[in-house]
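A lone chain, given as structure tokens: the form predicted on its own.
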Amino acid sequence: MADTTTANLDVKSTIAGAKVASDALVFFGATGDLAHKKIFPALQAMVKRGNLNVPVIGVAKAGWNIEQLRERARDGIATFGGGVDEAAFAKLVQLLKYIDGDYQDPKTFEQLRTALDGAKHPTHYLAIPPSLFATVVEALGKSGCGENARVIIEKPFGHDLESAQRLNAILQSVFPESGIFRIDHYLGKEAVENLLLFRFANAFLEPIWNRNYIHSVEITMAESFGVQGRGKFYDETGAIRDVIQNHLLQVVGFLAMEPPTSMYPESLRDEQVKIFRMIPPINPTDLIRGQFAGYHKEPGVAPNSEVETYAALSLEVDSWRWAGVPFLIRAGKCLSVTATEVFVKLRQPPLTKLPPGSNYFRFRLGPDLSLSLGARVKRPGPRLQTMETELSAVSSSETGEMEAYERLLTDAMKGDSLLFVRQDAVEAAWAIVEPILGDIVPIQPYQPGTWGPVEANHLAAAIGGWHNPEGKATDS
């Protein structure tokens, strides 16, 4: 397999790369759930900001016409996009075209070539099930629609390391690495980008961001809701493949990487890959898998399913900076609250009467945003006693941020790869979780509304127990 660490340095790569803006956007799966909830709202937002003024071609097999697609777009924007902006929506409607056809029928791609109407550098967005990626990519290549083009694919990038490598071979048979944009919407979130900038834009953090001062790192992604009608997909995926191998390992990379030489995309992504390669494959003894009571009743779920809806694990980063610092990750459905949070506990100062965990950094990544520092100050009164306080650097009151899909689609069409995942990072992440995929350890049951299986408490005993994020229980 070709080396994917850097982009191929050929003419095709230069055209697909960052110097040429796309002159058309094609999105497969135009009638699907992702398009309804995320893509159409993002497209309207892009129009409003002046970032979309090229043809937008939806492709699907639904027996629809263009009017039905426009109504679907309006409903998605009204329901999930904060409301229809009539001026922006009217412009979007003018740009929107639709092809109704089977992805396995060459005639569908003949129609697409016609609809592109001479566009020289289109972007193709595969908002479709992963099982169709190869079919569409190969058809784009055979029809000529992939020439000088970019492709955006949704996670999961494969089902394991071997399948990720097979998928990459198919992608690179049509597109250069610089023209492949692996979209992990988590990287487009303002909170995640804020975490990255907070680390490297503040000189006070670097001297203490190491094993000498940091006691432990916890990353929690809790959801108080279940699989929400996605039972069939989830039963083929599970928590490790769905969010740990991608979203949460990306967060580990941002927390643990060495400072990049610049914010140039390849510099940042080089450091991310280096960290992934310093993480040994996870030992099954460091994993707890759970499943919430009632999961088997979800539509699409097998009656005897052993798929995890909760996973907690411990890993280490085998580097000079991080040796001996435990990194704990947990993610689950039907937990107590909906919250994603990083909790970096600092080592105890040499004052014996201070409670453990007095000093920490707390990065709230969702659903609200906050970057906070836990400290102790003097308690009012005559005695030299301390009390806990939390200093906030950023809060969710900040406004004007782009939604993740708007940001990522805008960047991909401009050829900016900074917030997209490179193939070597994909493979390195799969190598980390490969030993814990499947039913390698038994499933532990837990009740909805709790913090998961009680067995997971033993995993965190060495660091004084889990830090449970605060939040509200939600059902969406």
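Note that the structure is predicted; figures quoted are calculated from it, not measured. When you see a residue number, it is the position in the sequence shown, counting from 1.
The form predicted together with a small molecule exists for this protein as well; it is not shown, and the discussion that follows is about that form.
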query	finding
Heavy atom of E177 within 4.5 Å of the small molecule in the model of the complex	no
4.5 Å heavy atom contact, Y186 and the small molecule in the model of the complex	yes
A139, heavy atom within 4.5 angstroms of the small molecule in the model of the complex	no
Proximity of E298 to the small molecule in the model of the complex, heavy atoms at 4.5 Å	no
Site test, K155, E223 and D242 vs the small molecule in the model of the complex, non-hydrogen atom cutoff 4.5 Å	yes
Contact assignment for the small molecule in the model of the complex, among R72, H121, K345, K333, heavy atom within 4.5 Å	K333
Proximity to the small molecule in the model of the complex, single hit among H247, R269, R362, R182 (heavy atom within 4.5 Å)	H247
Partner-proximal stretch of 186-194, 124-132, 288-296, 306-314 relative to the small molecule in the model of the complex, 4.5 angstroms, heavy atom	186-194
